[in-house]
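In the block that follows, a single chain appears as structure tokens, in the form predicted on its own.
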């Protein structure tokens, strides 16, 4: 899978959808988080300098996606950081990850919007016909 096909934005009224694809469920979650970064800025402009550990759990993989994305939003907001790369491990319905990024630099990152959080709208986590995975939902901006 090429880097450009790993994530995308999905049109949705005033908010925006994020979708991650990957050969594994963990990779789809990583790419959904990368799509989240891309709502704010070009992920290529973010340097992966500092690693932040993130953990969450939920009763199913759909809610795990929402909890994961909201944990990333929380870390972005409280640490004033953007993330360029994610290493995710999923075991049942628990997720452990490292998010790699740097503090926001308004002059270099030109943040477009602030993501307030992931929602249950458009929430879908599924295995595709080619055995790859897709993870998506709408984020509130």
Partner chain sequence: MDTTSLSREGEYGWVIEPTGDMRVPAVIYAAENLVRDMDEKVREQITNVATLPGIVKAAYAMPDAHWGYGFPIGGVAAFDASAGGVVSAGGVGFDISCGVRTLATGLHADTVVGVGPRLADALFADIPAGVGSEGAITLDQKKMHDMLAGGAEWAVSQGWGDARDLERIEEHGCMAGARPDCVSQKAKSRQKREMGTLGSGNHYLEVQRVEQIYDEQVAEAFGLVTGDAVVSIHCGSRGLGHQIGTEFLREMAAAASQYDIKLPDRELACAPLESPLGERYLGAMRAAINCALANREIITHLTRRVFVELFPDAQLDLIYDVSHNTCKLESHIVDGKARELFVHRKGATRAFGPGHPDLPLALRDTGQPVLIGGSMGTASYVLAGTTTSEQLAFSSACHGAGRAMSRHAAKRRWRGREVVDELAERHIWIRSPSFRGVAEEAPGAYKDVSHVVQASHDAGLARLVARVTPIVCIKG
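Everything numeric here is computed off the predicted structure, so don't read it as measured data. Numbering follows the first chain given and starts at 1.
We do not show the form predicted together with its partner chain, though everything after this point is about it.
Indicate whether its partner chain has at least one heavy atom within 4.5 Å of a heavy atom of residue 19 in the predicted complex.
-> The answer is no: residue 19 has no heavy atom within 4.5 Å of its partner chain.
Contact label in the predicted complex: residue 51 to its partner chain, heavy atom within 4.5 Å | Contact with its partner chain, no.
Partner contact for residue 24 in the predicted complex: its partner chain, 4.5 angstroms, heavy atom = No.
Give a yes/no on whether residue 120 approaches its partner chain to within 4.5 Å in the predicted complex, heavy atoms considered.
-> Result yes; residue 120 sits at the interface with its partner chain in the predicted complex.
Looking at 34, 40, 95, 46, which has any heavy atom no more than 4.5 Å from its partner chain in the predicted complex?
-> So the residue touching its partner chain in the predicted complex, by this definition, is 40.
Partner contacts in the predicted complex for 72-94 (non-hydrogen atom within 4.5 angstroms of its partner chain) = Going through 72-94 in order - heavy atoms within 4.5 Å of its partner chain in the predicted complex - the hits are 73, 74, 77, 78, 80.
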